[in-house]
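Coming up is one lone chain in structure tokens, specifically the form predicted alone.
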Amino acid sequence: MANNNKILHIVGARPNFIKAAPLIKALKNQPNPCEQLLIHTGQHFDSNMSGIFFNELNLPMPDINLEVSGGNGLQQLSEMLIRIEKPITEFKPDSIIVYGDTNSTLAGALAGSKLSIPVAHVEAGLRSRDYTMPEEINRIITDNISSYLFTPSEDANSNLTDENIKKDHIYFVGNIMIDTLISSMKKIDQSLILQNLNLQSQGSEKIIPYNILTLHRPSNVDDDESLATLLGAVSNLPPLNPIIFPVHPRAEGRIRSITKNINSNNMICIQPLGYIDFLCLLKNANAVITDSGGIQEETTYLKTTCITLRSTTERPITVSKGTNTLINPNEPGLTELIRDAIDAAHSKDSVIPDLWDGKTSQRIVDILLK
């Protein structure tokens, strides 16, 4: 294991930023802080997908931006690997820390492995068993070439041991995304997004019931006919509450065109939101309908009903203990399935999983610097 006097963080997408922020802060606040370098691959480049997160999370601006964006997954990955070698060899880190399951995660892990630098994977061990998901491949490869595997839940530990990964490389530390959520709660409660979207009158505590929809996975948004069916099913949910839909940049034009043609008067398409405003919406929603991974965890902590439009999840603890329900978006009668799932979830006795307590980053620091 490394001495970890010099640590390099690699991020590229908003889930990475949420996970990196508390760990960078915790390392900085040590009595003898190590030297840290933050590399942004550029994978998310839109201001609402990237820049605003650095401001809201008090995350230091990247020391280096590789400016890799656009192209397909393989093109992104290869360009990241080409551009990432120089800053790594110049900084000479004792460890490289990568987060989650993005292309930036895999690029950082591969670079560290090839350069014989120990890699620490934050959010290791998650498995969906859906090998059509690029994220699943990223997770498996990253875990198998990492020296420190920091897991968010005990089922993740089991996944890693089943893959014959050495037990002394696996550390159950809890969910680092919840560190960020807990530390941001005061700002979340002060957000004005509900008033800005006319869901709450100024000075009033009453909130108009609303649902949230988020979609970004290719399986849900790349086929116009399937997407129109899905949007129509969600927009018809009784009692026709407003549906707040932050539209991912990759699908904005197509989605706006489709919603105009399916008479979805209750669907409110908005630009992607910053972390604080979006978490305020999650906290106060009647239900969240999504295909995201991290949202399953955030809604579980917030005790907000979550319907995940996927047949599998890499976060099964959000189903077994939390507020999440899986629904295959290709099932017939989707509106009724979602409605029934929301009704059932509202009476479900959910619990917050172990070590989702806001102290994960400090546990990681203790292991890295011991």
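Please read all numbers here as calculations on a predicted model, not as lab measurements. Sequential numbering from 1, following the sequence displayed.
Keep in mind that the form predicted in complex with a small molecule is missing from the display, and what follows is about it.
| Ile244, Leu106, Leu279, Val288 - the one with a heavy atom within 4.5 Å of the small molecule in the model of the complex | Exactly one listed residue reaches within 4.5 Å, namely Leu279.
| said: Exactly one residue in Arg83, His169, Lys283, His248 has a non-hydrogen atom within 4.5 Å of the small molecule in the model of the complex; which is it? | reply: So the residue touching the small molecule in the model of the complex, by this definition, is His248.
| query | Is Met177 close enough to the small molecule in the model of the complex to count, meaning some heavy atom within 4.5 Å? | reply | It does: once the small molecule is placed as it appears in the model of the complex, Met177 has a heavy atom within 4.5 Å of it.
| request: With heavy atoms only and a cut-off of 4.5 Å, decide whether Ser292 touches the small molecule in the model of the complex. | output: Ser292 belongs to the contact set for the small molecule.
| request: Check whether Pro272 has any heavy atom within 4.5 Å of a heavy atom of the small molecule in the model of the complex, and answer yes or no. | output: The answer is yes: Pro272 has a heavy atom within 4.5 Å of the small molecule.
| message | Check Pro353 for me: does it contact the small molecule in the model of the complex (non-hydrogen atoms, 4.5 angstroms)? | response | So Pro353 does not count as contacting the small molecule.
| message | Taking 4.5 angstroms as the heavy atom distance cut-off, pick the stretch from 183-191, 147-155, 114-122, 209-217 that is near the small molecule in the model of the complex. | response | Comparing against the small molecule in the model of the complex, the contact stretch is 209-217.
| message | Gly12, Tyr99 and Asp143 - do all three of these have some heavy atom no more than 4.5 Å from the small molecule in the model of the complex? | response | Checking in the model of the complex: none of Gly12, Tyr99 and Asp143 is within 4.5 Å of the small molecule.
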